[in-house]
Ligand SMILES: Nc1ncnc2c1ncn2[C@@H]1O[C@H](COP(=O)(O)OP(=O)(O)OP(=O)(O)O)[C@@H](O)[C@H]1O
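This document starts with one chain, in the form predicted alone, laid out as structure tokens.
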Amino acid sequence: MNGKGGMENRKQIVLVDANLFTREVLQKIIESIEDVRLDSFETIDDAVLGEIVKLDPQVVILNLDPDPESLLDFAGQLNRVLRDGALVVTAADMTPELIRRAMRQGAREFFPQPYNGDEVKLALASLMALQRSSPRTQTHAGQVVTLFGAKGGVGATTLTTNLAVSLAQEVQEEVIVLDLNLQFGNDALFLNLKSKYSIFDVAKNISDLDPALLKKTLPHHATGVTLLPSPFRFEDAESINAAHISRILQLLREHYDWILIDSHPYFNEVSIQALDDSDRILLLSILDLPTIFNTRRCLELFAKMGYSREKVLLVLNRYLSYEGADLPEMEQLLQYPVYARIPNQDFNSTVGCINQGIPITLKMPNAKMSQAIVELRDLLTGQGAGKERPGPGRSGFLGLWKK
């Protein structure tokens, strides 16, 4: 073990790397950072784990080479015992699959090899700033609900904004919508809100953020819903990472009762972090073959990620009354229950509400879609019980799946 001596206020970084060459390269980069103490280990075992716990580091960097399987297991152990430290992983070949698995074990950042010294130092500075400002204890624990479409165009933004408005109106609790469709988010348009700041500004200033000022600064809908919009520029979306999302959600939990996340319909470090940190996930599907196919793939992946059926709730959106006959067959096909159904609304009224920035639950409260959203709200808040589902009916288009 190599240590860099220093004063007590130095920030602690731990490096675990069995490869002499990569270990020495990264050591030189880290040792060039002021006010940092570095301890490095070459092996992984219970003794090393105990030493790391005693050091209580701000950051642990783990090289997944030469044995990713055992080192990923060690990453999971680290994540369970670290008090406030951020886990960073590196490997000679950081494949998307390896990154996803590392994220499931708690990794917040990834260092590709060969190392870029400036990028490593910038990432470490950001992580340590986040750790200083993110104590894990919290006095308030708001509910995080992520709405995730099995594919694009299934109505996630419409459902997110209408559900948020319904919660704020009827439950009388603090509700915020987080637009996590970082490049093409439209929640601000759906709520007819304008903002000077976005999630990009919050992420950039997270270490010095005043929560009370943030609550005053963000735009508020007439019903009381607060909005944290997606970035205004495409290029700003690239600077937001999983560590930012984790810290932002922790901050929002402390000040809001409900955090509704409108997520983009694909998996990357940002969306996976949001999904991991969510209390519940509303997986949105519609009755067409491509979406059903993607729904099954999502459910399989969520199971591999360790999400329970209490966490992942399947919502059938835009269904027509005659399609109800296909519902039992769909549940049997997916081996998964439908938690809620949101009926289709005629095109003209839906588009009219969107163009005016008025949620349909406000403009047309008696519409079947609005009533179904209220029922979904009551299910989430524990104030309602699910209706009986239709019994077996005719075999619909889903029968084509099995042919």
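So that there is no doubt, residue numbering starts at 1 and follows the sequence shown. Source: prediction; values computed, not measured.
Here the subject shifts to the form predicted together with the named molecule, a form of this protein not shown in this document.
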{"item": "Stretch from 46 to 54, 348 to 356, 374 to 382, 32 to 40 whose residues place a heavy atom within 4.5 Å of the named molecule in the predicted bound form", "value": "348 to 356"}
{"item": "Selected contact from P96, G306, G153, P211, since only one has a non-hydrogen atom within 4.5 angstroms of the named molecule in the predicted bound form", "value": "G153"}
{"item": "In the predicted bound form, the one of S271, S278, Q169, N181 near the named molecule [non-hydrogen atom within 4.5 angstroms]", "value": "N181"}
{"item": "Full three-residue contact with the named molecule in the predicted bound form, heavy atom 4.5 Å, for G76, T90 and P112", "value": "no"}
{"item": "is_contact(H244, the named molecule) in the predicted bound form, heavy atom dist at most 4.5 Å", "value": "no"}
{"item": "Partner proximity in the predicted bound form: Q27 to the named molecule, non-hydrogen atom cutoff 4.5 Å", "value": "no"}
{"item": "Any non-hydrogen atom of P365 within 4.5 angstroms of the named molecule in the predicted bound form", "value": "no"}
{"item": "Exercise: T158 in contact with the named molecule in the predicted bound form, heavy atom 4.5 Å", "value": "yes"}
{"item": "Neighbours of the named molecule in the predicted bound form among 256 to 280 [non-hydrogen atom within 4.5 angstroms]", "value": "P265"}
